[in-house]
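Just the one chain here, laid out as structure tokens, in the form predicted on its own.
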Amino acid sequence: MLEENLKNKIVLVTGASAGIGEACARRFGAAGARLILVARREERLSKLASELPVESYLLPLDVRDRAAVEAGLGSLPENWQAIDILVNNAGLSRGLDRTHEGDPTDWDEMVDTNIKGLLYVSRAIIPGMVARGGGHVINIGSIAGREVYPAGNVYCATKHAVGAITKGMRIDLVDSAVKVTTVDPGLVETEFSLVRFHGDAERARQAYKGIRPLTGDDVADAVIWAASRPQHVQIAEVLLFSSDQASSMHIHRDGE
């Protein structure tokens, strides 16, 4: 089984405290990888680490903070420095407003997390992969990085940027044996909508009403599949939908 290729690999997952990131950590852990868990909520990371069957290293930080990223990743213990797989999962959406009605504070949080945070972490880790002659960067994108939907303006822009950065990485690293993948899911039921709507649980539930959305585990399956291919196989892109979804705007809901 190709997942055996992941045993003892060092895997760093950002946004590991919940949702897709947590699911990825659990799947990599089940495959025998050693895990560097990155997120802001240290107590959640500690709980997750206590439940994993493998060794893990906790790195509580906010990927938006470039100095913290550089300090945290630059001071990893020697036995954790040779990172084999980076899962750039940390990301969020804030608000669902037309451009001229949006909150600039929400815009800053999305741009700083989804774009700049991904770049800060990648810049800190990829040089080591290049120097060691191999590695794998897996960026969690979105259907929002392929299509723009009403009131999704800035979030869609950030995920389009993730798509462009991923393509640029793949070009830049083509001579390095470092692989680059983007996994782009549609509707996934995690804390995503709760965060988007600033804790409004009822509004968040409406996003998934009448459908069976993807779960974090479904996306983690795709990540593990991409990560466990033979070295000569690079999965460039994965687009993942619930069977109730055909595009960002084509969703079948019960009763419709």
Ligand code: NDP
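All of these numbers come straight from a predicted model, not from anything done at the bench. We number the residues from 1 along the sequence you see.
Just so it is clear, the following notes concern the form predicted in complex with the ligand, a form of the same protein that is not shown.
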Assert contact_stretch over 126 to 134, 140 to 148, 71 to 79, 165 to 173 against the ligand in the predicted bound form, heavy atom within 4.5 Å, equals 140 to 148
- Item | Partner contact for residue 191 in the predicted bound form: the ligand, 4.5 angstroms, heavy atom | yes
(Q) Is residue 86 part of the interface with the ligand in the predicted bound form - any heavy atom within 4.5 Å? (A) no
Q.
At 4.5 Å between heavy atoms, is residue 122 in contact with the ligand in the predicted bound form?
A. no
Please tell me whether any heavy atom belonging to residue 95 falls inside 4.5 Å of a heavy atom of the ligand, as the geometry stands in the predicted bound form. no
If the criterion is a non-hydrogen atom within 4.5 angstroms, does every one of 9, 30 and 226 touch the ligand in the predicted bound form? no
Near the ligand in the predicted bound form, with a heavy atom at 4.5 Å or closer, the residues from 57 to 80 are 61, 62, 63, 64
